[in-house]
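Shown below, as structure tokens, is a lone chain in the form predicted on its own; questions about how it binds or moves come after it.
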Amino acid sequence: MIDIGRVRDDTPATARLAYLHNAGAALMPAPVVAALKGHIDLESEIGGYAAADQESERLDAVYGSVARLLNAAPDEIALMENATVAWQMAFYALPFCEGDRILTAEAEYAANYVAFLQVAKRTGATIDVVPSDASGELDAHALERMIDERVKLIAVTWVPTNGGLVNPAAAIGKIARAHGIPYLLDACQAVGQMEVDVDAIGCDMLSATGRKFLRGPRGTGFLYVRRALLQQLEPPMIDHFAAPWVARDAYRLRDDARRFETWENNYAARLGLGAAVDYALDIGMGPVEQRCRLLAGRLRDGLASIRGITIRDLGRAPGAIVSFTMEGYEADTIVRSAAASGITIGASDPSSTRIDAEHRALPPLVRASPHYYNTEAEIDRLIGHLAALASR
């Protein structure tokens, strides 16, 4: 059972905002803010190098915290500036040649797909989109049928940015493992709202951010790389931290996932990320996921009763991103109207998931994303606001 009163006390903005934009950037809890501010203060007092030395044990512990969150080992974790950099470091470490195939999903995120396009342009590799099933999820049976000896990567966004769809990550992993194909999972919108177990999923690489449902600082993210694959990958860019300069004409890559990192880092942000992970683990990801789905379900039920609203979420068990359109109103207009009433929501542009948007002829969508610290009353407040708009 989550102590909602305590977590809201740790989140002062909840006293004045119905904050339902956690798929964009969630509200940081007090321990995260304290970790950030504390290290910045320390740097101002003794300098950045000395502060990092003094906090070295806490900084190193962040790897263990992220590893526990994912059911991984600390040496399989790299701490990155954001999820995009994490994903790119993994993707661009993979070799592709003419005729190689990359398999992905219809709702793949724009940042990932443009990287596919760049590699295809450079190497002659091809991009093949796995069709969705009747529910809108990636069709695992279709994926199985598309496998051949030319497939060199399966790369999928687990929870797309434009709605509540949850792709069948573990079913994809089972297929990838059976065929020995590397599997890169974008878990940007999953980590922090759902239980994540990389061993159960079967992914070889996973990228995520700190700022969304994990409630960490902006400018933080991490990369998981399975130890068995790690030793086969050379990062697309290295420095003397990732690969120490061991002789005039030689470097040696680190043995752990930190080969994907660089020497200079924002240590205050890293401590904030560690505090966010520890905060989530202390609550328990099982209760977090249960409450997120409960609140999102309540919101969908309420929206379904409002004339002119169309819920745009796909999948058999959608998560805590609720996407919809409203007849007669542009998405940005609804977002601004809600903000004027103290309700924070967001919007998703079709260009962020172009293939899915084109298949479904989607306009810009309104995106509301509740989290465990939200209340049922806040959900009902948004429903009431939209019902009032619809009645005008």
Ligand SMILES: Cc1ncc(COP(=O)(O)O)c(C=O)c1O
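All values reported here derive from a predicted model rather than from experimental measurement. All residue numbers refer to positions in the sequence shown, first residue = 1.
Quick note: we don't show the form predicted in complex with this ligand, though the next part is all about it.
The contact residue chosen from Arg254, Arg211, Arg101, Arg300 relative to this ligand in the predicted complex is Arg211, the criterion being a non-hydrogen atom within 4.5 angstroms. This chain is drawn without this ligand; in the predicted complex, the residue among Leu273, Leu165, Cys188, Val225 with a heavy atom within 4.5 Å of it is Cys188. Contact with this ligand in the predicted complex, defined as a heavy atom within 4.5 Å, is made by all three of Thr84, Thr157 and Thr161. Proximity of Phe260 to this ligand in the predicted complex: non-hydrogen atoms within 4.5 Å are absent; the residue sits far from the partner.
Using a 4.5 Å cutoff between non-hydrogen atoms, Tyr109 counts as a contact of this ligand in the predicted complex. Of the stretches 120-128, 91-99, 188-196, 229-237, only 188-196 has residues with a heavy atom within 4.5 Å of this ligand in the predicted complex. In the predicted complex, no residue of 262-296 lies within 4.5 Å of this ligand by any heavy atom.
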